[in-house]
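Heads up, the chain below is alone and in the form predicted on its own; it's given as structure tokens.
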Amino acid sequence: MINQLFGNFLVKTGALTRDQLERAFETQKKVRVKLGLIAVTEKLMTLEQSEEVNKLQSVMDKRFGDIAVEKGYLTDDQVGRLLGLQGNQYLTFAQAVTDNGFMTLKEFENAFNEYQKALAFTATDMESLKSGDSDRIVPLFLPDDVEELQKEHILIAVRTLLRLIDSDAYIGRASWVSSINTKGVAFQCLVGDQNSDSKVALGFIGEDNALLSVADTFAKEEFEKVDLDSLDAVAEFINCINGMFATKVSSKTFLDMLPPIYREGSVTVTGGRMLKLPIYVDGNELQLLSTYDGMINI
């Protein structure tokens, strides 16, 4: 997710063109990150030290890590940790951008610092972004007053979407809304038993044919437009998410899954206090709607 988030920031600020970003993504699929780049981005070595070791490799039949240890730049434990980071999404993206000559490593790191300023994130937040772990990234884009169970519901939704729909999906900043007008909606409510007041709901909306990016992939067929058939596929995907959520929280609270609801055409969706999270799937913008202690209505 970090490659998409940061990559689109680079395009927005003019550091990369859209074509260069797409080429970097293609390169990233084949990249094995160089240990020197990881050591520099992790601030365990300077760029000058990394370049020195690279030059020594041209005349010494030794690995980068072995030479860096001999020179006293790294310890064996640090080399082991760096080797474990070679598949990290942030680092493979940095490697792809620099290998293509689109930016130098210094320019890349400076741009990442500008990205931090634009988001008003802390250093700890940026480490969470660089981890590539959606469970650490998603909470950064949620309001501070989100309930823990609602946060868990959203995390399961995003994880499931990344796993089943689009591994390159990414998110935007979430916000609270009480109603929203859209064309096409699918959602499902969950309620507690007679001993519980719990009410939870989750849904997806999207303008034009955006919801087809979920429906087509989940149903494994190509729908021509957002209609009742395609919305039924989206509703089944939501049912899948909610089944996992209900199971996850079953030790804390019982939730009964009501039948999914979906409508085509222009609708007004209300929910008292809904969290609206933008999700970008295959170039389309969807909105994930989530309520806690409340219901979604149309």
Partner chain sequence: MSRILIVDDSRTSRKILRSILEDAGHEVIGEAMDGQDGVNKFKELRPDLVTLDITMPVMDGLEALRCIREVDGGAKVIMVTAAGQQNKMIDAIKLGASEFVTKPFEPDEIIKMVNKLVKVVE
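Positions refer to the first chain, counted from 1. Quick caveat, the model's predicted, so the values are computed rather than measured.
Below, we turn to the form predicted together with the partner chain, even though it does not appear here.
Can you pick the stretch from 40-48, 267-275, 23-31, 237-245 whose heavy atoms fall within 4.5 Å of the partner chain in the predicted complex?
Stretch 237-245 is the one.
Can you work out which of L119, A219, L155, I137 has a heavy atom no more than 4.5 Å from the partner chain in the predicted complex?
Residue within 4.5 Å of the partner: A219.
Consider M257 of the chain shown here, and say whether it contacts the partner chain in the predicted complex, taking contact as heavy atoms within 4.5 Å.
Although the partner chain is absent here, M257 would touch it in the predicted complex, with heavy atoms inside 4.5 Å.
Within 4.5 Å, heavy atoms only: does Q57 come near the partner chain in the predicted complex?
No - in the predicted complex, heavy atoms of Q57 and the partner chain never come within 4.5 Å of each other.
Taking the partner chain as it sits in the predicted complex, is L83 near enough to touch it, meaning that at least one heavy atom pair lies within 4.5 angstroms?
Close contact is absent here: in the predicted complex, L83 is far from the partner chain, nothing within 4.5 Å, heavy atoms only.
Using a 4.5 angstroms cut-off on non-hydrogen atoms, would A233 count as touching the partner chain in the predicted complex?
Looking in the predicted complex, residue contacts with the partner chain include A233, since a heavy atom lies within 4.5 Å.
Does each of Q78, F141 and D144 have at least one heavy atom within 4.5 Å of the partner chain in the predicted complex?
Verified in the predicted complex; spot residues all out of contact, no.
May I ask you to list the residues of 92-129 that have any heavy atom within 4.5 angstroms of the partner chain in the predicted complex, in sequence order?
None of them.
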